[in-house]
Ligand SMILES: Cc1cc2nc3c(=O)[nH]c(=O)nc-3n(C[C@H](O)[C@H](O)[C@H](O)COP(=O)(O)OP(=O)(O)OC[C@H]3O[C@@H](n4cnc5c(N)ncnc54)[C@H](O)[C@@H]3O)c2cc1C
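Only one chain is shown below, in structure tokens, and it's the form predicted alone.
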């Protein structure tokens, strides 16, 4: 973990309310893993007071430039302030933080199930899988074609798209694509694993799918975080009864990536 000053290289609106933020970070910024996040101070004016957590869409090194990318949507006061920052603006950043995705040592097929802006950490993971020449299938669902970000960059694995309005790809849920992929490809718990990120409803459904089949499944969770380093204990992950002995792990330290089948999704805020 490092606390560093970073500089905005680009803060571009891709579609209405959806932005791609590229930040130049110094050399001492540790190389992040897919699924980790950073904690950004969005203003030097003390408002908003708390930092905001953002998962990483990518990490790049080109020559002497080291940069991270964040895909975000304007959903509240903090992200609205962030969307107005121009190129060249300096921000205070802590990161990389948390636990990222853990790829199985056994050469399994990775099924990446993304919903909406939850696609960001899975795009990062897909690049890592491609680098390691690991087989993977990318399943991406959104409300419409305007929320399908980054899928054209998916390389080295099969890609399937779904939209609620049928504007691109399958007309329906990405869960239907997961079901179809599992059955048609003949996947088993010994040959496949699942990684997912998106709305809690999607993660809950994917976790149930994995638990019913005994499949290893990791989910990247989202939620408010005050400190980002486990000090305030304000972002607990409720666990299912059979895992209650493990207490309430902090999302920011023992997550945001966690065993999806262990989370009690009904009690997660």
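Keep in mind that what you see is a predicted model, and the values were worked out from it rather than measured. Residue numbers count along the first chain shown, from 1.
The next section is about a form of this same protein that is not shown, the form predicted in complex with this ligand.
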If we define contact as a non-hydrogen atom of the residue within 4.5 angstroms of the partner, is residue 29 a contact of this ligand in the predicted bound form? no
Mark residue 225 yes when one of its heavy atoms lies within 4.5 Å of a heavy atom of this ligand in the predicted bound form, and no otherwise. yes
Should residue 84 be classed as touching this ligand in the predicted bound form when contacts are defined as heavy atoms within 4.5 Å? no
My question is simply whether residue 117 lines the interface with this ligand in the predicted bound form - judged by any non-hydrogen atom within 4.5 Å. yes
Which is the contacting stretch out of 71-79, 183-191, 88-96, 141-149, given heavy atoms within 4.5 Å of this ligand in the predicted bound form? 71-79
Identify which of 239, 221, 67, 207 has a heavy atom within 4.5 Å of this ligand in the predicted bound form; exactly one of them does. 221
Given a 4.5 Å distance limit between heavy atoms, list every residue of 48-68 close to this ligand in the predicted bound form, or none if there are none. 52, 53, 54, 55
